[in-house]
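Coming up, as structure tokens: structure 1 and structure 2, two forms of one and the same protein chain.
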Structure 1
């Protein structure tokens, strides 16, 4: 990166990478164009397909792990190392043009702390995917039904530095947990722009059918609920109406 050494980047783009040589070069190139002052952080983990070389020659900051870190852990590690005032999170298997990423950065620049992908998944049906269900249910439990199915579980999304400090980087490894913390602690959480990840990455949809992430993400949402309880009360801070429970034993 051609930045003078004393100038901190304004935007950090965090990209976890595990064997993504097909798309990686293009992803990193688009990432570097989101803002004139950008650092791209590639968190290469468990990669054996030459992704590491691609990341190194791209000019990105590269963090290397010889083992897979597992889902979303790379995001937490990248965030910990980031220097920017705005942190943008994307995936390495999905090429999103810089022009579609900039609105996330712009949203944070104009006061949003958590700028979400305005993507709720397909909901005009009787039964939706469990992940879509969990996202909608969590948002309404958190008192933010207006967020619909938008969640830190989906990329792209951007955080302000204040959001990172409020949430703490480790929680980013469990995105629904980070999401619950952000909303509950009163950060400005907004839907920034619609990016249809389903259209951009049909391959991922196919993989989801074979090796579903649904149980992992459902468990993540339960962790979010568990956190909410631990930080409020048994009822998540909700009232108990006119019940006189002591009458029934």
Structure 2
């Protein structure tokens, strides 16, 4: 009997995995329900807790690395291997129902190239976290204050195939850089849906005390700003107003 012709999946859901056995099966199950034509790509890296076996038994495409890569590099690798026209990015430690993920796919289907989580982080505090400030500052520099703190730094988010080709999968390893490239090159970047990842995945206080990710993520934003300057000018493409600098030179 002849096999039915192979068809590429429409949606690729990319999930970096490192020691996430507690939530992984549920995350992959919800990911598979996002669209009738979906491939789930699990990028299992540095896992020693049985996550690899869970990923393989789920039916996902599994990419295996014996050392930790970091979530962002895992996403970049998954994107490079993805076959879908819509790429949806989630994390293995947050169980998000398929019903909350589908709006990101729908946004891309409707013409959005980069569908962001409409999550700006906690801003109504006396002391605002440095990462939250960095996200707002980068969007302001990009001329997109309407995005507030929404960014490719936060999942879930989705990309069109056009966006992936414009940004390039290597840039996804530094999410603020990929975000800057997307906006600067005129892709349609929009906030698609609010998913309160701060509530779903609360701050790991113990980890933050000994190995905070804040300096890393702020450094990523500085890299994005450096790229923006290199591709515009010293003011990131912003005008100098009525200032006449030549008068004091």
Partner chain sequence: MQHPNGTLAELKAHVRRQWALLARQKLPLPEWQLMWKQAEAYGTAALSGAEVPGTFVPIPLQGSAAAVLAVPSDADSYPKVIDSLALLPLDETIVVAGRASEPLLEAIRRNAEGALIAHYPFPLDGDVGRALGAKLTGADTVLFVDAAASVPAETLGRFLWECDDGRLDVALPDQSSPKRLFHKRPAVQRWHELLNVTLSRPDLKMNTMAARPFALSRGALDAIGYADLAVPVKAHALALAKRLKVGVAVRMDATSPPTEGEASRLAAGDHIEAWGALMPSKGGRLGFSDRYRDRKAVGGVVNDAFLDSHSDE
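Here the structure is a predicted model, which is why all the values come from computation and not from measurement. In this text, the rigid core denotes the largest set of C-alpha atoms whose superposition between the two forms falls within 1.5 Å. Positions refer to the first chain, counted from 1.
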Notebook entry, point to check: Given that just one of these two is the form predicted together with its partner chain, which number is it?
Noted result: 1
Check: When the two forms are laid on each other by their rigid core, does residue 110 show a Cα shift of 2 Å or more between structure 1 and structure 2?
Finding: no
Item checked: Exceeds or equals 2 Å, Cα of residue 99 between structure 1 and structure 2, core fit -> no
Next item on the list: Once both forms sit on the same core, give the Cα displacement of residue 125 between structure 1 and structure 2 in angstrom.
Entry: 2.3
